[in-house]
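Next up: a single chain in C-alpha cells, the form predicted alone.
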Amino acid sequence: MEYFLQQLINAVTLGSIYGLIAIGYTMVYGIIGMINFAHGDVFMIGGFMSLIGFLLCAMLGISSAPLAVVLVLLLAMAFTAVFGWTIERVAYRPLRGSFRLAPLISAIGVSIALQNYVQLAQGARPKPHTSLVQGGFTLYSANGFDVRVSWLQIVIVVLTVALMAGFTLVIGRTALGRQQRACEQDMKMASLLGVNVDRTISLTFMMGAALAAVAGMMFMMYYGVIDFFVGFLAGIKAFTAAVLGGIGSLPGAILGGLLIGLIEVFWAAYFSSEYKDVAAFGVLVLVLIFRPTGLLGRPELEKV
C-alpha cells in the first residue's frame, strides 16, 4: 500500500504536466479544428527559457525562491506566447483556406525547425538544473517505507487545477470566450457579426503557448533536466491525453493527462518501464474503439 500511494502521487504529478500541455492542444483544436503539432516544441522552449531565467536570477543575486519562480514564469510565458503568435501567423493563417493537410504539414515543419533551432542555440546535450523549490513532508510511514510528497509536487497539482479553472471561466464567462466559441461554431458568421477572427485565433494560440511554458517550467524543475528533443515525446503524449479525454474539452484534457500519467507510472512500477508507452497508447486505442469522441468529448453535429 505504501508503494502504491507513492506511485499514485508521482502519477498525479506527471499527469498534471501532461494535462497542462494537452490544454493547449485542445484549445487550438476547439477553435480551428486542427492540431498544432509544434505545441510540444513550444513546451520545450518554455523549459529552456525557464532554465535561462533561473540562471539570470542567480547572476542578478535574486535569492528569494518564490520571487525567482514568479519572475521566471512570467518571462517564459511571455516568450512562448510570442512563439505561439508567430506559429499561427506563419504556419496556419496563410493556409487557413487551403486543404486540411496543408497546415498539418506546415506545423510539422515548424516543429522540426524549432528543434534544430534550440539544438544549434543551446547544444544537443541535456541541461541539468537544481530546483529552487526543495523539501516536502512525509504523508505516511509503514514497514520502513515513507510516502513523501514534495512541495514542488503540490505546486504542480494546485497550479494545474487553478489554471484549468481559470481558463474554463475565461472561455465560459468573458467576451473573449464568447468570441472563441463563436469562431468554433462558424468563423464566417462570427466575422459577419463583428468578431475579429484573426485576433481571436492568435490569442488562442498565445494562451495555449503560455500554458505550455508553465508545463515546461514545471517539467524542468521536477525532473531537473531539459534537452532539445524532450518536446517531441511529451507533445505526442499530451496530444494522446487530449484525444483520450475528448479533444476540445478542457476538463477532458486534464482527465486525459491524469490517465496517461497513471498508466505510465503504474506500468513502469509494476511491470516494465520499457513498455509504458505501449500501454498508454494501447489504452488510447481501446477508448477510441468504444468511444471515438473520447471520455468527455461530445459528438460533432453537422446541421444541413
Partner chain sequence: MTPLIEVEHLTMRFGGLTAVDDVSFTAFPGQITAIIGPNGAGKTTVFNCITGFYRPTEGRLTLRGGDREYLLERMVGFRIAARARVARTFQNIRLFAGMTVLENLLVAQHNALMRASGYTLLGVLGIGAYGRAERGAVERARAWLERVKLIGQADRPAGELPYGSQRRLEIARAMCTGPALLCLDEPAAGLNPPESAELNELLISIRDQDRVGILLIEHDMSVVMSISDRVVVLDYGRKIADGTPAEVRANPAVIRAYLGDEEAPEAAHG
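Keep in mind that this is a model prediction, so the values were computed, not measured. Numbering follows the first chain given and starts at 1.
Keep in mind that the form predicted in complex with the partner chain is not shown, yet the notes after this line are about it.
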Though only this chain appears here, would residue 127 touch the partner chain in the model of the complex if you measure heavy atom gaps against 4.5 Å?
no
Classify residue 138 as contacting or not contacting the partner chain in the model of the complex by the rule of any non-hydrogen atom within 4.5 angstroms, answering yes or no.
no
Does any part of residue 172 reach within 4.5 Å of the partner chain in the model of the complex? Heavy atoms only, please.
yes
Residue-level contact is defined here as any heavy atom of the residue lying within 4.5 Å of the partner chain in the model of the complex; does residue 195 satisfy this criterion?
yes
Of 95, 149, 176, 155, the one that lies within 4.5 Å of the partner chain in the model of the complex (heavy atoms):
176
Among 181-189, 220-228, 72-80, 108-116, which stretch sits within 4.5 Å of the partner chain in the model of the complex, heavy atoms only?
181-189
